[in-house]
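Before any questions on binding or motion, here is one chain by itself as structure tokens, the form predicted alone.
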């Protein structure tokens, strides 16, 4: 979802990343592949170490559940499925190396994963160069644009454009004064762009923006400047621990007394980490919330299977991406009758699926998953009915191509 590279340090070129990863593979004395030839192998790079490790572990748990459920039903054309998890360390070069290893050494039939904009683009560069299907499960606008797209690239996650449009629709009003605290890397920049686009359409007004570095240890220096902007809405666009820490300090400074705190993505794990008091009343978007089980049968089935596998725990938002990304790919493989890449690509393009949250499908031009966007509000402590009762669902924007940028805007032929 984000890039580790701060704006002060330029990101390595795609060619540099690929050359470094290729050199690593050539130098390594890999042993022969041990997997059985009849196994369907899905590579799964994700940052198991680092500041997004909690979300990454949830992705792995849910991806493993998708594999188990498919295997319990006989696998893919009678072949068992194996998930090959690798730690990309939230680093584009590491991700490229691990992806090459998965393809060249482990003979992965497809790749799912990544939790960073820069990382997923590095993974995508490797997979598209080798004609391997990649299903990205992290927010990015760039991966859908024609310069990074390939026929092998599918984006199962929400993207910043659709996320910010949904959140702004239910929080911004004509005349609203919005101040922005934004992470200074791809995720923050794309979310800011989306909010400003929505803001203009809704008649809201930006009163200022402040960029902060990835992993800022202290946000207190930003608060007096934000307060001086006198906003009605304080929009905080960052991810992982940055979200928890910045919201907590904003509340400590009393920013929530005169301004509503809004985030593009309201993270389950960060809300758990900080507790209900700091997050009370914060509004943000989400791809998934376990409470959908009250109205969506597939959410109930997903939750029940997850509870059974994990001692009664419920799946998280970013965890759900691991499930829907892997499950949709395996459904397409079942429809294709195996792992033939051309047949699986065609099956994914035609796939209509509902495995956790209602109807989803991949748009033909850019392979973006069309799906609902939830708008959530964090509950006050007094309103909670249990430790997992975190959010109210304020609105659900249904799956629709109108939520996306047009194909021509992304650079595809009209």
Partner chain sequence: MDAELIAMQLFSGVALGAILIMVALGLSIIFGMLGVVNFAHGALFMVGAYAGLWVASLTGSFWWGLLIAPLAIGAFGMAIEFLLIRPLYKRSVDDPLLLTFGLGYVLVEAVRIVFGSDGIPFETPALLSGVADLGIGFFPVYRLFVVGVVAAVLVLLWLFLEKTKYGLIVRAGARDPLIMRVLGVDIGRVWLMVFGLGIGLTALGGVLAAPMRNVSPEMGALVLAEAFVVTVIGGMGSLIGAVVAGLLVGVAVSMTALFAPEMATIVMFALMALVLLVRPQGLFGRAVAGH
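Numbering follows the first chain given and starts at 1. These numbers come from a predicted model, not from an experiment.
The next section is about a form of this same protein that is not shown, the form predicted together with the partner chain.
Comment: 238 to 246 is the region of 123 to 131, 238 to 246, 305 to 313, 340 to 348 lying near the partner chain in the predicted complex, near meaning a non-hydrogen atom within 4.5 Å. For the options 225, 300, 193, 151, the residue carrying a heavy atom within 4.5 angstroms of the partner chain in the predicted complex is 225. This chain appears without its partner; in the predicted complex, the one residue of 81, 211, 331, 259 with a heavy atom within 4.5 Å of the partner chain is 211. Highlighted residues 71, 101 and 135: none comes within 4.5 Å of the partner chain in the predicted complex, counting any heavy atom.
At the 4.5 Å threshold, heavy atoms of residue 203 stay clear of the partner chain in the predicted complex, well away from it. Remark: residue 272 counts among the residues lining the partner chain in the predicted complex, judged by a heavy atom distance of 4.5 Å or less.
Contact check for residue 281: every heavy atom lies farther than 4.5 Å from the partner chain in the predicted complex. Among residues of the shown chain, residue 75 is not one whose heavy atoms approach the partner chain to within 4.5 Å in the predicted complex. Contact residues in stretch 250 to 266 (any heavy atom within 4.5 Å of the partner chain, taken in the predicted complex) are 252, 253, 254, 257.
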